[in-house]
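The chain below stands alone, shown as structure tokens; this is the form predicted on its own.
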Amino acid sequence: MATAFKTVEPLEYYRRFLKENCRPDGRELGEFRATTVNIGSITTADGSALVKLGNTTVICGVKAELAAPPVDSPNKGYIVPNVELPSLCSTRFRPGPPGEEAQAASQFIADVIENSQIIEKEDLCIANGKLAWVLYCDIICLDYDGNILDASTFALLTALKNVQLPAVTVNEETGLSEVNLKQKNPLIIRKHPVATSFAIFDDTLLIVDPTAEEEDLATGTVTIVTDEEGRLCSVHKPGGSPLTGAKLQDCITRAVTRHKEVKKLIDKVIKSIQPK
């Protein structure tokens, strides 16, 4: 009976749960799905991480290459993020060039990198005007069940923390670069941005970490990105229901708390893989 009702009237079905301050999957409105992270899962990448947020599964691999710095910024390197939502992760995506959602997610990640200053591009420069690192950050969704932005941001941050780059010098006489694979250094991570997404129901009710089904039924979504100092890095709100100042403040407060939980999880996992 419940299944039939859910199929015919999905929104009404959800409203009955929301009235009781819970959701069909048993979570409270402000409760996140179980979150796990695995570091260094891709051996061919320079850094990688696999993040699970409930059923949503995202993997991020970072590949570093050497290139000439940009002409207008001779003292900087590059960070190139790309989010892929392949057809294997959900029936909602088609094979072929990246769709709208994948493009929007890639742009969101690019903005997070820029606004949070997770890495200073100057730190990626090896020799001014001659040589710099390019970090290709590929974020691929393996299983899509909503809230791709939180999972992608988390996977990116953890993968970058896992990166080890070989020492590179430019030989003054020959002008050629010399790579020392025996000496590897971690990236300097300046800030730890964490994203927290909310779905807005019936223009007023906020629920955290929405599933794909909840996103489809919601009247809007909002994603708040904060760093470890509680600083707001970005607010991403693609249309939908407007939010009052008070509601937005609620979201920011919840995002700051979530940041602490995620940071604790990252620290714990990184500590567990360090050589004793």
Partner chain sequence: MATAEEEEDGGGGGGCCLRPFSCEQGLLSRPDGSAAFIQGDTSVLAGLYGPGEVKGSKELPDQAALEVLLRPKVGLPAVTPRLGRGGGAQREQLIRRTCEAVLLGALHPRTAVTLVLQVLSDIGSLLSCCLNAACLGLLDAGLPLASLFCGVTCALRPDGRLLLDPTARQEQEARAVLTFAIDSADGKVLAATAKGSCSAEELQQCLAAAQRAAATIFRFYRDSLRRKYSKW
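Positions refer to the first chain, counted from 1. Everything quoted here is computed from the prediction, not taken from an experiment.
What follows is about the form predicted together with the partner chain, which we do not show.
Trainee: Would you mind picking out the stretch of 109-117, 156-164, 122-130, 182-190 that comes within 4.5 angstroms of the partner chain in the model of the complex, counting non-hydrogen atoms?
Mentor: Only one stretch passes the 4.5 Å heavy-atom test: 109-117.
Trainee: Would S73 count as a contact of the partner chain in the model of the complex, using a 4.5 angstroms cut-off between non-hydrogen atoms?
Mentor: Flag for S73 set to no.
Trainee: Hey, in the model of the complex, does T221 get a heavy atom within 4.5 angstroms of the partner chain?
Mentor: Judged by the heavy-atom cut-off of 4.5 Å, T221 is in contact with the partner chain in the model of the complex.
Trainee: Hey, in the model of the complex, does Q103 get a heavy atom within 4.5 angstroms of the partner chain?
Mentor: Yes, Q103 lies within 4.5 Å of the partner chain in the model of the complex.
Trainee: How about I252: is it within 4.5 Å of the partner chain in the model of the complex, going by heavy atoms?
Mentor: Taking the distances in the model of the complex, the answer for I252 is yes, it comes within 4.5 Å of the partner chain.
Trainee: Could you list the residues in 206-238 that come within 4.5 Å of the partner chain in the model of the complex, counting only heavy atoms and keeping sequence order?
Mentor: Those in contact are T221, R231, L232, C233, V235, H236, K237, P238.
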